[in-house]
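Okay, so here's just one chain, in structure tokens, the form predicted alone.
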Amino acid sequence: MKRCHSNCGKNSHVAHETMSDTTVTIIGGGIVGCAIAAVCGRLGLPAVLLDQEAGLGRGTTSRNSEVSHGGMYYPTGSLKARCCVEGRRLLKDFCLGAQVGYQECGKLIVAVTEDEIPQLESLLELGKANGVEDLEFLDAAQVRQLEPEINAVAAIWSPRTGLVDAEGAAKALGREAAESGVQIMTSAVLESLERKNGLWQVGVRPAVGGRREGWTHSSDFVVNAAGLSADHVAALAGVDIAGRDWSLVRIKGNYFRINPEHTGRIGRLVYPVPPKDHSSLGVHLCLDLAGQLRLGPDVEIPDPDKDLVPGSELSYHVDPSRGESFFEGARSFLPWLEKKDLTPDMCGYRPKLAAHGFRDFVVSRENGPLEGLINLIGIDSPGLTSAPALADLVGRLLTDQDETRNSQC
């Protein structure tokens, strides 16, 4: 073992000067990685979580709609459908128990023209088949009773859809993991992964401004929960990502804030009928836990020649000119909205396996030369909602309790 600088465990409850071998190394400190770390703690598995940021939940987890989804959008039986439905229940229970912000504000999926109603009805049936609780079909009068300032001829009402403090949830999961003995290491950049003598050798270097020394430790398992960089981590470990069609497309999603003078005007999430190409859920009306209104996200497909490579920087600039398309997309169901109400807000990136069409989450445990490697690839929406259920699945894979150990789910 290489000696680790004495502050390498500064976020852990375990004080030490040298790094010991561990059972599980988790790559990625977003909400999925933190949920996996918490599960390892509950199972009594010695584990280390590595994240290149200075704190947990600072990547994709902190830059999204913070919606706890119902699960009505995804093919029945898919991992996205199953994990979203189960994950929402688990996430709600965890947040309420950990005193993390969570609010069941509910969501309306609206049809603004009669010809959208059949698609709405199909979505309702899909949601019921997926086990989404308490879905209702509303006519125009019922929609007006809930939200008088929404234009709709019909809607699906999903009362269990909620809002969550996503970064707060990730940090709370990290705290639970640390209290169970999991070592949480931030400002730690994965440099190498090599399978040697039956163990994974995990090479780590400090992030700029972080620790003065890197280290290498051995691990029985490596769980790749690296989000936007998950395909690069898999390739670093020796996976043929092109051969498996695991190369990620990093889709940018921009948001525009609605003038605060409209805060409180609408008290529920409002989504349009989603695009048929499954590229997104459509530009929708979001709330935060304080009631502030915003629109987003849209879909900004990057130039494939300038896509993310290891060590590159992402642009988090929101182009003000995109406000026109936001206005056009929202005014059909927000008739009172004016262009002047919109101001560029934040943006985030989604680690998608395809720019268009449906691709399910990949959760796969390797056999053979890469034994002990578990990859989570393409964990885009509803990854936030699904995180606790995905973590439970990984826990079963770590303890040989799941039949999907060598499958692409």
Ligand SMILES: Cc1cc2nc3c(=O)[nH]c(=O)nc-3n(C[C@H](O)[C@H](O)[C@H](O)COP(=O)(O)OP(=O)(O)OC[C@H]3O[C@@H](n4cnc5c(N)ncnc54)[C@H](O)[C@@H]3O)c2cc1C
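A residue's number is simply how far along the shown sequence it sits, counting from 1. These numbers were taken from a predicted model, which means no experiment stands behind them.
Beyond the structure shown, there is the form predicted in complex with this ligand, which is absent from this document and is the topic of what follows.
Only one of 39-47, 64-72, 337-345, 362-370 lies within 4.5 Å of this ligand in the predicted complex by heavy atoms, and it is 64-72. Here is the short version: of Asn130, Ser229, Ser180, Ser219, the single residue with a heavy atom within 4.5 Å of this ligand in the predicted complex is Ser229. Taking the partner from elsewhere, Leu190 is found to have a heavy atom lying within 4.5 Å of this ligand in the predicted complex. Looking at Gly174, you'd find every heavy atom of it more than 4.5 angstroms from this ligand in the predicted complex. Shown alone here, Pro297 lies within 4.5 Å of this ligand in the predicted complex, counting heavy atoms only. Using a 4.5 angstroms threshold between heavy atoms, Thr60 counts as touching this ligand in the predicted complex. With respect to this ligand in the predicted complex, the three residues Ala81, Glu167 and Pro388 uniformly fall beyond 4.5 angstroms at the level of their nearest heavy atom. In the predicted complex, this ligand lies within 4.5 angstroms of at least one heavy atom of each of the following residues of 368-400: Ile379, Asp380, Ser381, Pro382, Gly383, Leu384, Thr385, in sequence order.
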